[in-house]
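Heads up, the chain below is alone and in the form predicted on its own; it's given as structure tokens.
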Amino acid sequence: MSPTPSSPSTAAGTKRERRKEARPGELLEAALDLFVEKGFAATRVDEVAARAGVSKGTLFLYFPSKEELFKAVVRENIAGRFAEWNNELENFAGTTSEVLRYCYQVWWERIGCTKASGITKLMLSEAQNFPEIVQFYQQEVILPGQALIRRILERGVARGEFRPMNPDYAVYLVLAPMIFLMLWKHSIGACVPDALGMTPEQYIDMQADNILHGLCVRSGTNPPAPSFSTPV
């Protein structure tokens, strides 16, 4: 028996349902583009709606304010990945040096080389004017990111691969190359793409070498006692 063909009204209804389900993702993509291009203050919700092909009223059905839209963009592109990254660290079978190199590689592939890396420049340039957004970003991105890096460093120390260190400061050794690349990519690099005269992947690899040569235990030496005090 041949299947009963769908009526035009049924097909149209199905298409509308699919379109409705896609709207939040389309709005988030449009919002990411505009936030990175124009910054938080200069981006208007009607621009986001227009770029996503919907009305401003439709946007507010999903996101009640520009602040909530921005938070959703951050969760979708950065904050929502930490559970996955922590799980990968938990199950990583290699050395901690390999973990650190893998951390850089994954960060570049999933964040650094994408539009989402522009959120960091946005936060640094506009933080003073939007304290509520800063508090959100601190809780959902900065602190989880630092905690993940700290776990990697402490893993290396516990396994006797890294020399004892103060992880409160050492996390910034790992973060600094990431921040540099993101700021460069969305400032001078946006106007002069080859201004650095190097590839980001090679830069990251060299930075990892420099960090690991400073962190790894050196044969024939007695490492200093660890200091885990939190700076005041």
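Keep in mind it's a predicted model, so treat the numbers as computed, not measured. Residue indices: 1-based, along the sequence shown.
Note that the form predicted in complex with the DNA isn't included here; everything after this is about it.
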query	finding
Residue 61, heavy atom within 4.5 angstroms of the DNA in the model of the complex	yes
Non-hydrogen atom contact residue 66 with the DNA in the model of the complex at 4.5 angstroms	yes
Partner contact for residue 57 in the model of the complex: the DNA, 4.5 angstroms, heavy atom	yes
4.5 Å heavy atom contact, residue 204 and the DNA in the model of the complex	no
Sole residue of 183, 171, 165, 45 within 4.5 Å of the DNA in the model of the complex, by heavy atom	45
